[in-house]
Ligand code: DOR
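For reference, the chain that follows is the form predicted on its own, supplied as structure tokens.
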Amino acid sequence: MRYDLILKNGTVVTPEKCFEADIAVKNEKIALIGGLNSDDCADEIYDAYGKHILPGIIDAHVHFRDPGLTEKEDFESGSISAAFGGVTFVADMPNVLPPTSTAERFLEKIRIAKEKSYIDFGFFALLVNDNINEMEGLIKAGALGYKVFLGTSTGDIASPDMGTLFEQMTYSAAHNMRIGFHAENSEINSHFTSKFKKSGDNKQDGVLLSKARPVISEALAVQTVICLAKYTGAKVHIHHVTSKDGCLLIAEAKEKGIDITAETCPHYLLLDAKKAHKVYPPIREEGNHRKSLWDAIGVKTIDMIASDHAPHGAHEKSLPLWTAPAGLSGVETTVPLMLNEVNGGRLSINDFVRIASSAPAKIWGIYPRKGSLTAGADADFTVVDMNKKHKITSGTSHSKSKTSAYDGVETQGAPVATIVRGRFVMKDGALTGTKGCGKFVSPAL
């Protein structure tokens, strides 16, 4: 049998196990995992000896700023950065200019990304107060899910009022669409931000930010989502969980049968508020929050990890606390950071595959096409060298944003090849893909 690509001698990793096997690819799909016949050949053979072959890593929370904010990032630079980070598929957020809140804008965004992207992609659709009549069209256009900003972030997008949101969630339940929430309470945030701006407090910027957007802001928003889900039957998702309190509420809701999923991000797992990293929601000061997030991953209260890649220019990030924009770059660093934690014994490589590939694919309706190493799935692979040492240097990032909260951090474990539908996009530290080869993927396709 002649294949398009064969990956030989690697260790295949699934959420359940690791095993030695060869992988063969035909027509962009996985054709075989196991032993090859003596007469099997391929147009290209990659020797993965000593390497681990993971199902393509999915980053289901990125802000590629396209359209409207392309001085910060666009789909070309963002997808290249993703490929160097071992990411084969991204789900982009709707707070761009104009916001992705209508079917017309959604389809235009697909057109833009198709021209620029090196990897596969999908989109979330924004829910706001005046677009309930767009919900059907956004489903038909191929939205992965809806997004609601209960608390403001980049773009200052207001939450729908509670009556409208109740109707939107009822519609979502009837059409089997999950809604993701930026879970902060704007009234709480506004009150305490105003207070601390006026206080002249000289604590570290990160600590001030955590106090200005306190844990109760997240807890109140999560509880609101859970209550609305209970009464509408909607499937819900909590983006970027930061706190022990949020984890406890999500665990309780799961026990009661609410269809709720959750994610966290590397910066909440690895960074401390005492360092000035402005991001919404903020990094927490208390160490027990980070421990609780790790524990929640272990017991599957938190289902997945995502970068929340939110790039800004270095000049913007250097502004004073209350002036600087919120957001951290991360699509290129998530995989090496988490592989370093695997090497350190914090989680298994199987758990990493679960939270970074299979779970996001299942949550957003694209499994088993994505996130799966099974025959017939898209031939997306992230090949990693668990022994490779790497130093994160913000100036060498492939993003337009040359900033990183991890500048100078040394890790062990790194992606060495990124393969999308059987084609190398990154191999051995070189870009090998072609602009515009990324495909739009949705639950309907």
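Computed from a prediction, not measured in an experiment: that's the story for all the values here. In this text, residue numbers run from 1 along the sequence as written.
This next part talks about the form predicted together with this ligand, which is not shown.
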**OP:** Please check if Gly327 has a heavy atom lying within 4.5 Å of any heavy atom of this ligand in the model of the complex.
**Re:** yes
Original post:
Are any of the heavy atoms in Phe149 no more than 4.5 Å from a heavy atom of this ligand in the model of the complex?
Top reply: yes
**OP:** Consider Val279 of the chain shown here, and say whether it contacts this ligand in the model of the complex, taking contact as heavy atoms within 4.5 Å.
**Re:** yes
Original post:
If you check in the model of the complex, is Leu144 within 4.5 Å of this ligand, heavy atoms only?
Top reply: no
Original post:
Just one of His289, Lys116, His182, Lys109 has a heavy atom within 4.5 Å of this ligand in the model of the complex. Which one?
Top reply: His182
**OP:** Name the single residue among Thr334, Ser153, Thr232, Ser372 that comes within 4.5 Å of this ligand in the model of the complex, judging by heavy atoms.
**Re:** Ser153
**OP:** Please determine, with the chain shown alone, which of 308 to 316, 84 to 92, 169 to 177, 362 to 370 has non-hydrogen atoms within 4.5 Å of this ligand in the model of the complex.
**Re:** 308 to 316
**OP:** Pull the contact list for 227 to 260: residues with a heavy atom within 4.5 Å of this ligand in the model of the complex, in sequence order.
**Re:** His240
